[in-house]
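Quick setup: one chain, the form predicted on its own, written in structure tokens, and binding and motion questions come after.
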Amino acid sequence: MKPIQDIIKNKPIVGWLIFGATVIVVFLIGLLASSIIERRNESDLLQIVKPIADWEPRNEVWGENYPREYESYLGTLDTNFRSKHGGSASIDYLEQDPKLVILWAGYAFSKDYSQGRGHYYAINDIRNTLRTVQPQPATCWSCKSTDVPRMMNKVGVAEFYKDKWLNMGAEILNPIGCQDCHDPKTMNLRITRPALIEAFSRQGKDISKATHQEMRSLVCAQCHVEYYFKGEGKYLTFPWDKGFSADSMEAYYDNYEFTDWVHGLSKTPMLKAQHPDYEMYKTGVHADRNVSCADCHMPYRSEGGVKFTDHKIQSPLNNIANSCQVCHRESEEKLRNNVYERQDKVEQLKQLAETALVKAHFEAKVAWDNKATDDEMKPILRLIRHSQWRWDWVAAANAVGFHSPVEASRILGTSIQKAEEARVLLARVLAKYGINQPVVIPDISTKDKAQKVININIQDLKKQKSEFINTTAIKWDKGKSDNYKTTKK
């Protein structure tokens, strides 16, 4: 091959082509360097504008330093998305499924139970629910506000739990947000709710050694878990000592003979599941593949040269492209239908469990009314307790079992089995007392009818709540500007 100099000498056009190509390459490299410098400068703008106090609860203060995250967090105000089984829209679950009123007879959830809206609404929703008409411990605030870590630091964890919900209301004013999950100095993820640390400690695990990817789920697990209020101090406790499964937690509660309430019809010592999302997730394929909660519910976004986490915490079905399709290459329609297919099957089992349990509660009431003895009813009540706990463990978790469809179906299957076993024993007891015909179930086809069956005066509750909102809650809000003077600087 001839030397390049000879080629250029014989064909000058080649030299011009090489010169032009070099100019273009140098120009493109210059553009790339300029872009890198511009993005680096843009990234530098993310440095803290002003220091954030150690226990600063106001999300808007954090937003001054982290405007992109704060702006996306405000997206949790959006209540327009409604999927087949959930979303951010307001849903009255008692109206949608009146059987729930009967299942929770004698408990506050039979009065009011609605779809949880975005994190921004946490304070308003707990104030407005009819469940807080009756006296509640301050522990009920634990997962609702960035003011909770501030107050725990101020008065002590145990003292916080011991107080009354009403007494603490004037201090708990800011909704779930930045401080719940982040260290204000480093922005590293951190745990601000001691119950999670304590639960892992009892298992011999040091949560301080968790990886960043693990922390992207653990900060969610501070609240999206099963819990109970332990002892007279109402100390927030996660029942994980025997394991994360519904069966393990059932054994834990039975060992302590713990009861949330006694059922208003069947007199069963009941358990109420909260929202064991983390525990359900732990049994699913996403946890097995090391996919975190944030990967799906808070996917990364990019603006210019800045990559950040989208803090519009929401259903992945409202953001399939950024959530699901990062890993799954199917179309949005197919992925959405895959989710609905699994949820539909779990929902079908859930409804079967509910129907069997409603019948069991009414049949147990008839048995008691006909002078059945404690000894006769004891094994029946135990089966009802375990059946409803397992149903509720799935029903109370978000996503209608999607976080772990196989485990959800297994648990619901055992719930149905135990409910039907209880009904077989009830049939024998009823026959003993001369009742050989099926127990007639009253009309519970609507929330209103079901609440009347268990003697709930909903209008009186609404009146009490209205008075609270228009008096006490207004006073709380008026004092908001005075509540942060003791914040540590």
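In this text the structure is predicted, and so the values were computed from the model without any measurement. Numbering starts at 1 and follows the sequence shown.
Quick note: we don't show the form predicted together with a further copy of the same chain, though the next part is all about it.
Shown alone here, L352 lies within 4.5 Å of a further copy of the same chain in the model of the complex, counting heavy atoms only. In the model of the complex, a further copy of the same chain lies farther than 4.5 Å from every heavy atom of K371.
D206 falls outside the set of residues with a heavy atom inside 4.5 Å of a further copy of the same chain in the model of the complex.
Among residues of the shown chain, R428 is one whose heavy atoms approach a further copy of the same chain to within 4.5 Å in the model of the complex.
Remark: none of the three candidate residues (G116, L189 and Q222) comes within 4.5 Å of a further copy of the same chain in the model of the complex, counting heavy atoms only.
Among D260, E407, D295, E250, the residue placing a heavy atom within 4.5 Å of a further copy of the same chain in the model of the complex is E407.
Contact annotation: of the candidates Q417, Q325, Q213, S90, the single residue with a non-hydrogen atom within 4.5 angstroms of a further copy of the same chain in the model of the complex is Q417. Just one listed stretch, out of 269-277, 409-417, 106-114, 158-166, contacts a further copy of the same chain in the model of the complex at the 4.5 Å heavy atom level, and that stretch is 409-417. Interface residues of 345-366, taken as those with a heavy atom within 4.5 Å of a further copy of the same chain in the model of the complex (partner not displayed): K345, Q348, L349, L352, E363, in sequence order.
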